[in-house]
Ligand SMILES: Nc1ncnc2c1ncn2[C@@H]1O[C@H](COP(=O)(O)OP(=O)(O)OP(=O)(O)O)[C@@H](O)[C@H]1O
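As a starting point, one isolated chain is supplied in structure tokens, in the form predicted on its own.
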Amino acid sequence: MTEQILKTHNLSKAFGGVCAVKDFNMEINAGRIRGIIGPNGAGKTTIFNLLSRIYKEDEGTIEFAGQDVTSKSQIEVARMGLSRTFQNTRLFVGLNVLDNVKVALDHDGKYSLFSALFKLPFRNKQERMIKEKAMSCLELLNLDEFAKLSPSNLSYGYQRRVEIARALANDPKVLMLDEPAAGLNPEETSMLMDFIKDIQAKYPNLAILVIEHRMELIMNLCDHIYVQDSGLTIAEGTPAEIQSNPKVLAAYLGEEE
């Protein structure tokens, strides 16, 4: 029995009286990949923003690694091991690929301002450790050949990979991917799918939660899927169950139940 990492209970959020998410209940265990799908405006990204504590819920609770994190901040849950990406890539174009990954490890540098200003030996040692850890992450994900390049020199698909590598730099327990295939062509989407499968193989205890519109990616990656529509969970189950669910077909295709 794998360890339960993330759980929500009746998670709800409204904006100006409009319900974005209502009574969202989810569980995800270590080593599993779960997906959240639904039409535009279904509340998928709102769920991610609640889980990562960007938004404060109106009702409900969130448990992470056995702890109630409903009152925690973004920084606190991130340091506990919850990492995410966003719909649009958020890489620093003024930094090379290696430095973009090092940004995620800044809090590992436990030296003082005095040490930094005068480049004392302890500071230099800490910086070497951060560089080595970031480089190890790039090597593990086969991105080390791009370490000295600017992200702007990479294809959009590889920029996505670098963003995922940065999210993995802190050895998270949960990796949340918000539309990782957005803007990718079919070939890049297929490569991304293989990349995520490779991550799962290399990080067997990592739980992955994916929002995506590309059904081929969701159906081939996820073992369990939640379907949102107008803030409500209208179905959940295995990919096979979701593909044959009349409520899901109605939400996506406008078919009569």
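What we label the rigid core is the largest C-alpha set whose atoms superpose within 1.5 Å from one form to the other. Each residue number is its position in the shown sequence, starting from 1. Model, not experiment: these values are computed from the prediction.
From this point on, the text means the form predicted in complex with the ligand, which you will not see here.
Heavy atom within 4.5 Å of the ligand in the model of the complex: which of Ala42, Ile28, Ile199, Ile218 fits that? Just give me the one.
-> Filtering the options by heavy-atom distance leaves Ala42.
Within 4.5 Å of the ligand in the model of the complex, do we find a heavy atom from each of Phe15, Val18 and Glu179?
-> Affirmative, all three are within 4.5 Å.
Within 4.5 Å of the ligand in the model of the complex, counting heavy atoms only, one of 42-50, 185-193, 219-227, 65-73 shows up; tell me which.
-> Of the options, only 42-50 has residues within 4.5 Å of the partner.
Is Gln87 one of the residues lying within 4.5 Å of the ligand in the model of the complex, judged by heavy atom distances?
-> Within the cut-off, so yes.
Answer with yes or no whether Tyr55 is in contact with the ligand in the model of the complex, where contact means some heavy atom within 4.5 Å.
-> Yes, Tyr55 is a contact residue.
Inspect the rigid-core superposition and answer whether the C-alpha of Arg214 shifts by 2 angstroms or more between the shown form and the other one.
-> Comparing the forms between the shown form and the other one, which are aligned on their rigid core, Arg214 does shift its C-alpha by 2 Å or more.
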